[in-house]
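What follows is one chain in structure tokens, specifically the form predicted alone.
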């Protein structure tokens, strides 16, 4: 079976494929734009996107939406993480956090999967903190300012290790559990 991974990021496709290796599901990259509803809720964004894709006749696919939710910034940038990354970037988030004691944050990833007409939506979380400065050259986005272990940023750890603890990695594990529970893999 093939699942279309609807994204502009080919790295996500490889990450999904690696997680689904051995389950008899092949990932196929599909760039198909869809409107991302303006909402502060990742699940609502994913459900609306899935509805639009299904209405367009696309089936057997995966979409996801992720965000960095900073406690002291009342969840900002959250669902607006991509926009915040493009406009203020890591330096902007660090400036907003200047002098802030509570540096708690979490990455969240909501995955929506349409498989054999069954809709599955799961959310994975990775708790951590925002660092005082950028560190590391790996990863992308907010990875250089987020640490899950208080020692290394996501940009400093190997990709396999990151995938085993990250919000997307945790969401993929939940998705696979749901799919197994429904007898889809």
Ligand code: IMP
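Just so it is clear, the structure is predicted and the values come from calculations on it, not from any experiment. Positions refer to the first chain, counted from 1.
Here the subject shifts to the form predicted together with the ligand, a form of this protein not shown in this document.
*Asks:* Taking 4.5 angstroms as the heavy atom distance cut-off, pick the stretch from 128-136, 114-122, 24-32, 60-68 that is near the ligand in the predicted complex.
*Replies:* In short, 60-68.
*Asks:* Identify, from the list 88, 100, 94, 82, the residue with a heavy atom within 4.5 Å of the ligand in the predicted complex.
*Replies:* It is 82 that has a heavy atom within 4.5 Å of the partner.
*Asks:* How about residue 141: is it within 4.5 Å of the ligand in the predicted complex, going by heavy atoms?
*Replies:* The answer is yes: residue 141 has a heavy atom within 4.5 Å of the ligand.
*Asks:* For a quick check, can you give me the residues of 90-116 that have a heavy atom within 4.5 Å of the ligand in the predicted complex?
*Replies:* The one in contact is 107.
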